[in-house]
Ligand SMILES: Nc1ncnc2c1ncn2[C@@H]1O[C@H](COP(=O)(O)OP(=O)(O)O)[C@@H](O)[C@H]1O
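Next up: a single chain in structure tokens, the form predicted alone.
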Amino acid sequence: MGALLIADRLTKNFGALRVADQLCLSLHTGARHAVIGPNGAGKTGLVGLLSGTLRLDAGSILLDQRDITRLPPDARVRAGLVRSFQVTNLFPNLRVRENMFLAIAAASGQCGSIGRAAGRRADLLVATDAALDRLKLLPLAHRRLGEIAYGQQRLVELALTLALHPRMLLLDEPAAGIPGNETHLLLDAIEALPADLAFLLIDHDMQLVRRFARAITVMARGRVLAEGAPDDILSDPLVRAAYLGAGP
């Protein structure tokens, strides 16, 4: 089986700041892969390069053998590469159902018709409620997003990303900002993701990484420092040195 996502020699600099230095990554369908590293390693920059919010200086990105290197973010989403954000990127003054409805309308290419009464868009309404029900969010559908708990807001964001029919999901610190007594909501939802959905988890929380990752890439200064199975990586002296600020 060929790789679903191939990032080949990704390079990105902001002046003297090196975000990616000939960075390579390969993920298969159903991958559960984590990227870890000290602050400034380039982890979030990698997500930006893969999702298209950052433009590469050099290198290429293939999704299911299709070159998406020059595609804008919305085209990458339509191709099946979807990301989450460290901070919820939704509309707090709209109801949960309205947030989901707008996202599904955009994903289906029907934004131009959403000015029509929602009741006349039965197909979108059915898809909206199905997306919410998938993560048991229907009881919150009538609530304004800004009124519900932050952990529940992150669940709405995850439901939204799943409604975009991703083949590859980029999770950038998915539990960031969630109170401790709400993190189980998101973690249980991640654990229940479809087996054929590949995801790349960017995080520094080792408990989270150990729970979900089957393979780990360690970044330092925009480069791959190490890659392998979780137990091997987390016991590697080079990895420990990098986290202590003494890595290469």
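On a predicted model such as this, the values are computed, not experimentally measured, just so you know. One rule holds for the numbers: they count along the sequence shown, beginning at 1.
Keep in mind that the form predicted in complex with the named molecule is not shown, yet the notes after this line are about it.
Asker: Counting only heavy atoms and a 4.5 Å cutoff, which of 58-66, 183-191, 205-213, 37-45 contacts the named molecule in the model of the complex?
Answerer: Going by heavy atoms within 4.5 Å, the stretch is 37-45.
Asker: Verify the contact flag for A229: yes if a non-hydrogen atom of it lies within 4.5 Å of a non-hydrogen atom of the named molecule in the model of the complex, no if not.
Answerer: So A229 does not count as contacting the named molecule.
Asker: Please run the contact check for C24 against the named molecule in the model of the complex: heavy atoms, 4.5 angstroms, yes or no?
Answerer: Result no; C24 lies far from the named molecule in the model of the complex.
Asker: Is there any non-hydrogen atom of L10 lying within 4.5 Å of the named molecule in the model of the complex?
Answerer: The answer is no: L10 has no heavy atom within 4.5 Å of the named molecule.
Asker: Find out whether any non-hydrogen atom of L238 is located within 4.5 angstroms of the named molecule in the model of the complex, and reply yes or no.
Answerer: No, L238 stays farther than 4.5 Å from the named molecule in the model of the complex.
Asker: What are the residues of 11-34, in order along the chain, with a heavy atom within 4.5 Å of the named molecule in the model of the complex?
Answerer: Stretch hits, in order: F14, L17, V19.
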